[in-house]
Ligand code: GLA
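Taking the form predicted alone, here's one chain by itself in C-alpha cells.
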Amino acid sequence: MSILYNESKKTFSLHTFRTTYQLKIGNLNYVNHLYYGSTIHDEDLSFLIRRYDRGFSGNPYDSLKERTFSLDAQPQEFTTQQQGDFRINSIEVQNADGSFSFDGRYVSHTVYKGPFTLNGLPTAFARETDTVDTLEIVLEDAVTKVRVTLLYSVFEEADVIMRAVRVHNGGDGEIKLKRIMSFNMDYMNGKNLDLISLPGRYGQERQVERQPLTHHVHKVRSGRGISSHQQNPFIALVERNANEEYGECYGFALMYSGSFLAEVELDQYDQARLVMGINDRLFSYPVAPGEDFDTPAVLMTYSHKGLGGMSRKYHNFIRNNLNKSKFVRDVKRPVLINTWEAAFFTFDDVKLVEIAKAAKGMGVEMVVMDDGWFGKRDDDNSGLGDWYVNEKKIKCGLTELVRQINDLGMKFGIWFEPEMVSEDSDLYRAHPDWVMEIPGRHAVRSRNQLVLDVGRKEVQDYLIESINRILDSANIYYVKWDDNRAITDLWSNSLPAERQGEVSHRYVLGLYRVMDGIIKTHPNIMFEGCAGGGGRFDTAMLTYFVQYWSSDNTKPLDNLKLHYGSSFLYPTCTMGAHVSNASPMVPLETKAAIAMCGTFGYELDATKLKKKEIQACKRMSNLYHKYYDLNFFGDYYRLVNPFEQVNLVAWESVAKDRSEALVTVITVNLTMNGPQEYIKCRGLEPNRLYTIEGDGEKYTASGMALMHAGIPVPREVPDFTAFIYHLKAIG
C-alpha cells in the first residue's frame, strides 16, 4: 500500500517508488504539510514544525489564547479564508449569508485503490501494471457546512502524485466560489528556490525563464480562455544550484485547457507557498445546496537528480498514463505532409491528388487536407462553422477523394476548427445567439472570427453531430483540430446576468464534452491538437490528442529553443514538428534532424521539389522510421542549452535498457579556427562498450568514456550542419 496512515501520530505518508509526501492532522484538526522529497520511511516528521509567538499574527479563537499557534506561519495542505492566514490562499467563497470565510478542519478520510476521477474533467488513468492508491481527506467548516475534499492519487512506479479538490455545499443556501485552487503546496524553507516557467508568444512558445524567489507573489497565468502561447500551465520549483543532472526539482502541471493561474509567494519567514488552478479573474461559480464543484487535476513529481530527472518522469507518465489511444504506442504514426503551405485556400481535389503523388516519392505516407475544404471558405473571412464539404473544390466528393488517395497507398487526414465561427456563414446566420457577444457591444474579432459559446449543450451537440458526420463519411485516418484565437467577450445568452462568472469554465467543460463525443468515439482516427500552433499545448489536451502541433513557426533554428523548452514537461512523441521551406539557408538534412525531435512530417509543396530534394526527403523519412522507437520512447536528455551562447546544440535519446542511443548535434556558430567541440553523453551503461556511427566514422568507446570525455564533433563543416550519432552496445 503506497498510502499509510499512522493513527496514533495522525500522519499520512504517501510513498512512490523514490519519493515520500507526508501530511498530518495537527492542532485543532488543521491539516499540516510536513514533507515532500526523497523517500523517508514511516516516521513522524512533525518535529520540523516549530511554533513561536509571531508578533501580530492572528490566533484561532479556540486555541485558548495560545499565541504561538497562528495559521499565518503554519505549513498547510489547504488554506483557510479569513482565519488569520494572510498569504495567498486556496479558496475564496462567499457564503449564503454574504460572508467571505472558510475554516476547514479535518473530519474524515478514505483510502481506496485506483486513481480518482473528476466530473467533466480529464484525469490520468492507471495501467494494469500500475500500483495506484487514492487518499481523500475531508475538511469541513462547522458553521457553513461547506466541505473541501483533498484528493491525492499516488502513482507508485511513476513517482507522480495527482491532486485535485472537490467542494461540496452541505449548507442550506447557495454559495459562490470566487477562487478555488487545485492544490496548495507549502515549503518550510523556500529562500533557496528558483521558479522555472515556460513563457512565450505566438511562434515562440515555451521558452524557458528561471528566476529566484523573492519576497513577492510570483504569478504565471493565462487570462485568454486557453492555456495560451504566452504561458504554459506548468512550473517547477528547483534548488538554486540545480542543473540537468543534480539538485532537487519539484514539477507541477495543471490538467486544464482554459485560463489558469499559478502563484508562488515567499513569505516574511522565508516559507514558500504555491497554489495552482483556474484563473480567478472573471470567475464566480455558484454551488447550490447538495452540489459539488471539482477542480482540475495537478500532476506533481519530485526528483533529486535535477531537471533531467524531473522531465523524464513526466515524459514516461505522459506516454503511459494520459491517453489510451492505440496511436500512442501500438501503431506507428505515419510520415505526413500538410497541404497548407503548398496550397493555402486555393486547391481542389485534382491538386490534392497531385500533391499526394509527388509526396509518395518522399516517403510520405499520409496527406492532410488543411483549411478551406468546407462551406464557402475561400479565405479566412467566411465559412467557418459550416461543416459540410465544398463540392466546388472537392468536385468528386470527399469519399471519392479519400479513395483516390488510399489507392495510392496513402492515408488521408483532414483539418477542423470546431470552436469558432465566421460571421459570413450559414451557422452564424441561423444562430447568432450561439456566439459570445456581450449585449449592446460588438464582439472583438480575431482572425476575423468569433467564438462559439461551447458551454451551451446545443452548441456541443451541433459540433458533435456535424463533425462526426464528416468523419463517418470517408476513410479518414487523421484529424488536425485547430483553435486560432483567444477568447474574449465572455458572455452566454443561455445564462442569467448573475451567472456570467461561470462562462469561461463552462466553455472548457463543454469543450471536453465535445472532444469526448468526437475523439473518444473514433478510436481508429489519430487526432492532433493545434491552437494557432502551440497555444493550447497542455496535459489535459494530451488526454485527447496523441500529439500537438508545437508551433506555427517552422524555422528550424527557432525550433531548437522551442523543443528544448517543451521537453521540460512534454516528451518528443507529443511534439508536432515538420520540415518546411522556412529558412532556406538551412540544409534539408538539418531540418529533418530537428523535426525528428518531434513527430516528423512535411509542410511544403511536394510538386515543386527537385528530384534531388525528393530523394533527400526519402532518406530522411527512412531515418525517421529507423529511429522511431528511440525518439518516441527513449529517455530524453538535454545535452546543450540553446538559450546560452553556444557553438552547437545537442540532445540524446537512450533506450530504456541502455542498449543503444541516438545523439543529435546541430552546429549553430562554429567560428573559424575555433576549439574542438565535444558532446558528453548521458544515461549510458558506464562499463559497456558502444560502437559509435556518425559523421562518416565508426569507432568504439565505453559508456564511461562517452559520458565523461565525449564525442568529438567535426569542425570544418558548412553552417548549420547536423550530425546524428547512433550508439549501439556491444554484446
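Predicted model, so just to flag it, every value in this text is computed and none were measured. We number the residues from 1 along the sequence you see.
Heads up, the form predicted together with this ligand isn't pictured, but that's what we're talking about next.
**Prompt:** So, F17, A126 and E157: all three within 4.5 Å of this ligand in the predicted complex by heavy atoms, or not?
**Reply:** Not a single listed residue reaches this ligand in the predicted complex, so no.
**Asked** Among the candidate residues H109, R447, H304, H625, which is the single one with a non-hydrogen atom no more than 4.5 Å from this ligand in the predicted complex?
**Response** Residue within 4.5 Å of the partner: R447.
**Message:** Give me the residue from N484, Q204, N390, Q231 that has a heavy atom within 4.5 Å of this ligand in the predicted complex.
**Reply:** Here the answer is residue option N484.
**Prompt:** Going by a heavy atom distance of 4.5 Å, is W549 a contact of this ligand in the predicted complex?
**Reply:** It does: once this ligand is placed as it appears in the predicted complex, W549 has a heavy atom within 4.5 Å of it.
**Asked** Is the gap between D370 and this ligand in the predicted complex 4.5 Å or less for some heavy atom pair?
**Response** Yes, D370 sits close enough to this ligand in the predicted complex that at least one of its heavy atoms falls within 4.5 Å.
**Non-hydrogen atom contact K480 with this ligand in the predicted complex at 4.5 angstroms** = K480: contacts this ligand in the predicted complex.
**Message:** My question is simply whether W415 lines the interface with this ligand in the predicted complex - judged by any non-hydrogen atom within 4.5 Å.
**Reply:** Yes, W415 sits close enough to this ligand in the predicted complex that at least one of its heavy atoms falls within 4.5 Å.
**Asked** Tell me which of 468-476, 235-243, 161-169, 524-532 has residues with heavy atoms within 4.5 angstroms of this ligand in the predicted complex?
**Response** So the stretch in question is 524-532.
**Asked** What are the residues of 323-341, in order along the chain, with a heavy atom within 4.5 Å of this ligand in the predicted complex?
**Response** Read in sequence order, the lone residue that approaches this ligand (within 4.5 Å, in the predicted complex) is W340.
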